[in-house]
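The chain below stands alone, shown as C-alpha cells; this is the form predicted on its own.
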C-alpha cells in the first residue's frame, strides 16, 4: 500500500519542484535528479531510491503554481510518484496529464508522512487513520491519457486502433 513520503503546504511552485537553474535540462531521463533540488533531504532520498514507486506526496491547495515548466511534472513522473493535492494549478495539472503523472484531486485530504493511503474510484482512504475522502474525478478523456502513460502513448494507442 502506498505511503505518504511528505506532506507539503499550499502554493508549492514549479520552482520548488524543479528549480529554474536547471531549466536547460529537459530530457525526462535527466529531470528527476533535480526534483525538489532545494529540499536537499527529500532530493537525496528520491535519488537514492529510498521511496518505492507509487509513493505519495500529499499537498495542500494550488500545487504546481507559478510557471508552465513541464519539467516539474516530468521530474515527479521520473520517480513514479502519485500526487494527491487539495487543488492543483491549471497548467501543472495539464502538464501532469500530458506526461501520465498520477494525480488525484482530493479537496479534503488529511494525511501525514508515513501514513498509508488506498485509492478507489472516487475516493482516497487514509488507512492509518481510517478516514475516507472524496476525490474530484477527472473527465474520462483526461483520465484515459494518464492511464495510458501520457499523451504520446495515448495517441499512439489510438492511432494503432484506428489503423486496424
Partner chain sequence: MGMTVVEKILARAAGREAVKAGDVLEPKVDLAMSHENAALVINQFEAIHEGTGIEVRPWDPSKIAIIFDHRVPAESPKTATNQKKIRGFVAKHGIAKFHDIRGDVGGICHQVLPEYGYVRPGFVVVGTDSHTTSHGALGAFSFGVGATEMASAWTLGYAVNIEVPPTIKVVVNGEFPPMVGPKDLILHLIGVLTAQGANFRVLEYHGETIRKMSTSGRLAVCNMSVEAGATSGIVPADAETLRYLREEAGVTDAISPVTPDADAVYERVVEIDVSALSPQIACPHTVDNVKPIDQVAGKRIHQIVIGSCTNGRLDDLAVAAGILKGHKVAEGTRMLVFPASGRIFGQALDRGYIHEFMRAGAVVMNSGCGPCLGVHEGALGDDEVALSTTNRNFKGRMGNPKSEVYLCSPAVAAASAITGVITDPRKA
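Residue numbers count along the first chain shown, from 1. Just so it is clear, the structure is predicted and the values come from calculations on it, not from any experiment. In this text, the rigid core denotes the largest set of C-alpha atoms whose superposition between the two forms falls within 1.5 Å.
There is another form of the same protein, the form predicted together with its partner chain; it is not shown, and what comes next is about it.
Contact with its partner chain in the model of the complex, judged as any non-hydrogen atom within 4.5 angstroms, is confined among 122 to 130, 42 to 50, 55 to 63, 107 to 115 to 55 to 63. Of the heavy atoms in residue 134, none are within 4.5 Å of its partner chain in the model of the complex. Its partner chain is not drawn, but in the model of the complex it has no heavy atom within 4.5 Å of residue 84. Its partner chain in the model of the complex comes within 4.5 Å of no heavy atom belonging to residue 103. Although the partner is absent here, residue 35 sits far enough away that none of its heavy atoms falls within 4.5 Å of its partner chain in the model of the complex. Shown here without its partner chain, the chain has 139, 141, 142, 144, 145 in 121 to 147 lying with a heavy atom within 4.5 Å of that partner in the model of the complex. In this overlay on the rigid core, residue 12 has a C-alpha that sits less than 2 Å away from its partner position between this form and the one not shown. Residue 107: CA moves less than 2 Å between this form and the one not shown after rigid-core fitting. Residue 139 is among the residues whose C-alpha shifts by 2 Å or more between this form and the one not shown once the rigid core is aligned.
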